[in-house]
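Shown here is one chain on its own, the form predicted alone, set out as structure tokens.
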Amino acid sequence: MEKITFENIYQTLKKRILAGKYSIKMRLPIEDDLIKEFGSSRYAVRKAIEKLAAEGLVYSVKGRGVVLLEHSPQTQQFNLDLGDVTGVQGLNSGRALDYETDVVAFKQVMVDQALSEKTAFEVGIPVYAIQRVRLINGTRAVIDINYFNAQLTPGITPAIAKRSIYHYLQKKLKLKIAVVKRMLRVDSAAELDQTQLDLGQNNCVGNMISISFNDEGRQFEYTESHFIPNEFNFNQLIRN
């Protein structure tokens, strides 16, 4: 009889998750059921779940089990490990900077097919569509293009957007942020970037894309942070 390894368990569970087998309950079977099904050790099951979590497919919640994160082809692209970077502001945490926020657009819209393909939100749900320019030492250096699921993050206002949306979500709504998936890329500067950012001679922008999930595995945010590429430095120490 072939020995069941954690890799076998991981591959089987991953295929089931991506095929939607567990999507209705949004949870994996309990640990004891998986041990019994695969005839494996507890260590192998936990190791497989750790690997699924590292790929952003699941999230362990105390007292609730292993929760599935909503996934789509878009969200599965977001697997870049950026360490402790928590946003564009965090990219320059070592510099003395003066930050100011200018809310240039704020409205609530319904997700259509085009927006769904961009953000991974389901068609037909209401979202807050927000654009905020970050002035850093007086320079319009970053524009955040935010979409927040209005059903999961009710009550966001322009005043809250100007101060801190995340402070409102965590302190007022008590929203528990489980996982944030991020991707970094360089894009050609669009008309919005040329209008709102002090690009100078730059014809491109850095783009940090974030998709955030609550502790029930629900996606509540899609954000693109477009920034002037020569204004930011990325540093990471790798130990072998």
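The first residue of the shown sequence is 1; numbering continues from there. Basically, rigid core = biggest C-alpha set you can superpose within 1.5 Å across the two forms. Please read these numbers as outputs of a predicted model, since none were measured by experiment.
The protein also exists as the form predicted together with the DNA; that form is not presented, and the subsequent description refers to it.
Partner proximity in the predicted complex, defined as non-hydrogen atoms within 4.5 angstroms of the DNA, places exactly one of 200 to 208, 184 to 192, 55 to 63, 167 to 175 at the interface: 55 to 63.
Although the partner is absent here, Leu69 is not a contact residue: none of its heavy atoms lies within 4.5 angstroms of the DNA in the predicted complex. Within 4.5 Å of some heavy atom of the DNA in the predicted complex lies at least one heavy atom of Glu31. Shown alone here, Gln196 lies farther than 4.5 Å from the DNA in the predicted complex, counting heavy atoms only.
Taking the DNA as positioned in the predicted complex, the residues of 4 to 18 that bring a heavy atom within 4.5 Å of it are, in sequence order, Ile4, Thr5, Phe6.
With the core superposed, Glu50 shows a C-alpha displacement of at least 2 Å between the shown form and the other one. Once both forms are overlaid on the rigid core, the distance between the two CA positions of Lys174 between the shown form and the other one is under 2 angstroms. For Arg185, a C-alpha deviation below 2 angstroms is recorded between the shown form and the other one after rigid-core alignment.
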